[in-house]
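Next up, C-alpha cells for two forms of one chain, structure 1 and then structure 2.
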Structure 1
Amino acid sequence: MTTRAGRPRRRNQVLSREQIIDTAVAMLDAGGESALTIRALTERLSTGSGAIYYHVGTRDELLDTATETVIGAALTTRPAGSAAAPAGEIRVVALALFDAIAAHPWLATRLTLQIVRNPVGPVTVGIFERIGGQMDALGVPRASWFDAASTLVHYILGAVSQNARIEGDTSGIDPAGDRDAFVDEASAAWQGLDPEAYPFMHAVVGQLREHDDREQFLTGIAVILDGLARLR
C-alpha cells in the first residue's frame, strides 16, 4: 500500500495524462465535441489550465489523442485469435469501428479530420494495415492490393461516419426509442418529397423503415468483397 510505483511514476504526479484523456472522452461522449472545453475540463478535474496544457497540449491535440486512444482500443479487438477467414477478419475490424463510433458519435467528424490532416498517424496506419493484411489471403493480385484496401477503408470509414447519431441531450435513456424516432422522422420527410422529382426515395422508403444499420453495413462489405474477388 505504500507509494511503491509499479509503473514509472517519475516525480510528483497528482494528475496523469491518461486521466485527462479518459475524462475528455467521457465529456465528449456525454455532450459532443462542443462540451469539451478547457474550462469544463479543469473544473471537472479540479485543476488549472496549466496542468492540462502541460500534459496533453492544446485542445486540438487533446481531441486527436482522444481519437487515437478510442480507435486504438477498438482495433485491439481480437488481435488475431485463431486464424479466421480473411473476410471474417475484415468484418471483425469493420464492426469494431462501427461500434466505436456508435459509442462515441463525436468520432464521425474527428476521424475524417484526422485522416485528412495527418494521414500518417496511428489511426490511418492501424486501420489500413489491419484491413490490407487480408488482401493476400483474399486472393487479390499483389498489384491491386493498395486499390483494394483503399476501397474497403474508404467504404468502412464512410459508412461508419455517416451512421453516427448525435443525440441532443443525455436524457435519452432508451437508445432504441431514439433510433425509432429518427427513422420515423426521416421516412416521414422522404414521404413528403415530390414523388416525380424523387421517385427513388419514394420507392425505398419502406426499406428505410425496416432496415438494420448494422446488417446494411455488412451487406456493403460483402458486396465489395464480391467485387474484389473478380480482380484476380
Structure 2
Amino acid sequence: MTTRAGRPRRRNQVLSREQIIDTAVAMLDAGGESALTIRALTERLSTGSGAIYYHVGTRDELLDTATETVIGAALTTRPAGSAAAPAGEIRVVALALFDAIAAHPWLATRLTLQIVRNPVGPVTVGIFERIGGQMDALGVPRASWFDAASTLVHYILGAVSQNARIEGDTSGIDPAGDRDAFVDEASAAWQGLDPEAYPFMHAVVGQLREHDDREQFLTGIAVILDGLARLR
C-alpha cells in the first residue's frame, strides 16, 4: 500500500510547549510575522494543528507568548559584578531591550501591542518594574514616578523600533537593506542640501556617517536621566 504524498511526517517524540515557542521565534526571526502561520508551524514540527492549539492556543496567543519569552529573557539581564547605581541598572535593561529587538526585529511591533493591549501582562509589568523601580533611588519625587518611568519606556520603545522590521506598508523600504549603505546615501543627500537653508544638517552630516546606534541610544538615556535628576 502506498502512502499519500504531501502529508507531513509526524514526530515520534512528544512535542513540548518550549519546542513550539522556540520554533515560532526562529520562524519569526527568519521571515517576520507573515512567515508564522499554524500551517507552516505544523509542517516545520511535523505535527498536527491540534498539538499547537493544545500547547500554545491560537496564532495571536502564540505571538504573545513568543514576545513574553524573548522580553522575559532580556529582563533577567543584570549588571556585572557588584550592585550598580540606579542609572546603571536602567542602562543595562535598556540595552538588553535594544539588543533583543535588534536580534528579533519582529519584536518591536508585538512589544508595543502588548503594552497597549495588556497593561497587566508580564511584558508591560516587567518593563515598568525594572525601569520604574529605580525612580526612588534616582531621587525622583514620588508624584513624578509614573511620568518619569513612562518617558524612559517610551523613549526605549521608540528608539529601538527604528532598527526593527516594519510590519505593514513597506513600500520603498528594503527589509534586507544594508545599514552602512543607507547611512552613506542619507549623508550624501544631506550634504547636497542648501547649506544656508539647512545649516544644522550640514553641521552634523559627518556625525551621521560615523555614529554608532547603541552609543546614540545610550546618549538618549543619559539625557533623560540628567533631566530626571533636575526633578528633585
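Residue indices: 1-based, along structure 1. None of the values given here were measured: they were computed from a predicted structure. Note that the rigid core is defined as the largest set of C-alphas that superpose within 1.5 Å between two forms.
Working note: structure 2 is the copy from the form predicted on its own; the remaining copy is not. Relative to the superposed core, T69 undergoes a Cα shift smaller than 2 Å between the two structures. After superposition on the rigid core, the Cα atom of D60 is displaced by less than 2 Å between the two structures. On rigid-core superposition between the two structures, the C-alpha of Q191 is found to move 5.9 angstrom.
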